[in-house]
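This document starts with one chain, in the form predicted alone, laid out as C-alpha cells.
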C-alpha cells in the first residue's frame, strides 16, 4: 500500500481533541473515562478516512465507537471530517492493530468491524492479515462472548482465506456472501469510501459475520 505522506499529520493527530494518544491508559475503563457512560463499545480496525464509523455513530447515539487507523496520513483526513460533525460517541486511535490487547481489557468490546483491510498478498505476510487466525485470537480476548466480527472486502482471495481461517481459529460463521449488494444481507448496510467506489464500478462486495 502506497500512501502519500501528509506533512504535519502526526502533529495534527497528537493535538486533536478527537484522538486518544495513549490508549493503553484507558484499558478496562473506556466507557466511563472516555465516553462517560455505560454504552456498548464497537470498534473499527483500519477505519480509513472515517466515513463508515462516523455514519454509524450518527445513526446509533447509544453506542460508543472507536476507530483504529495506523496510517497518520489517512487518519488526519478522518479528523478533518470529524470537525464538521456533531458527534459525542466516536473517538480515534492511531496504532497498529497487533497491539490491540494492550488497549482493551478482556471482553471490553461488543463488536468489531473490518472493512477493506490490507490483503497482504504475499504468503509470508499471512499473519498480518486482520482475518488471520492470529488476529482472531486477539479478538477472542477483547470481545464479549456474544460479540461479532464483521468483515467486508472486494478481494475474493482474501475473503476465501478468511473463510478458511475462521474454523481454524475456533470461530463460526453466522453468514457469508460473495455479493453483498445482491443478497438478503444488504438491508441496513453502511458503505465505506472504498465500498462506494467499488459498487459504482460494478464490483461485487464480499461480507462475513463471525462469532464464537
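Numbering follows the first chain given and starts at 1. Quantities reported herein were computed from a predicted structural model and do not represent experimental measurements.
Only in words, not in the display: the form predicted in complex with ligand SAM, which the text now covers.
- You can rule out all but one of 23-31, 64-72, 180-188, 140-148: in the predicted bound form, only 64-72 has residues with a heavy atom within 4.5 Å of ligand SAM.
- Although the partner is absent here, residue 18 is not a contact residue: none of its heavy atoms lies within 4.5 angstroms of ligand SAM in the predicted bound form.
- Not displayed here, ligand SAM is approached by residue 97 to within 4.5 Å at the level of heavy atoms in the predicted bound form.
- Using a 4.5 angstroms threshold between heavy atoms, residue 134 stays clear of ligand SAM in the predicted bound form.
- For residue 47, a non-hydrogen atom is located within 4.5 Å of ligand SAM in the predicted bound form, even though that partner is not displayed.
- Interface residue among 110, 118, 105, 80 relative to ligand SAM in the predicted bound form, by the heavy atom within 4.5 Å criterion: 118.
- Interface residues of 125-141, taken as those with a heavy atom within 4.5 Å of ligand SAM in the predicted bound form (partner not displayed), are limited to 130.
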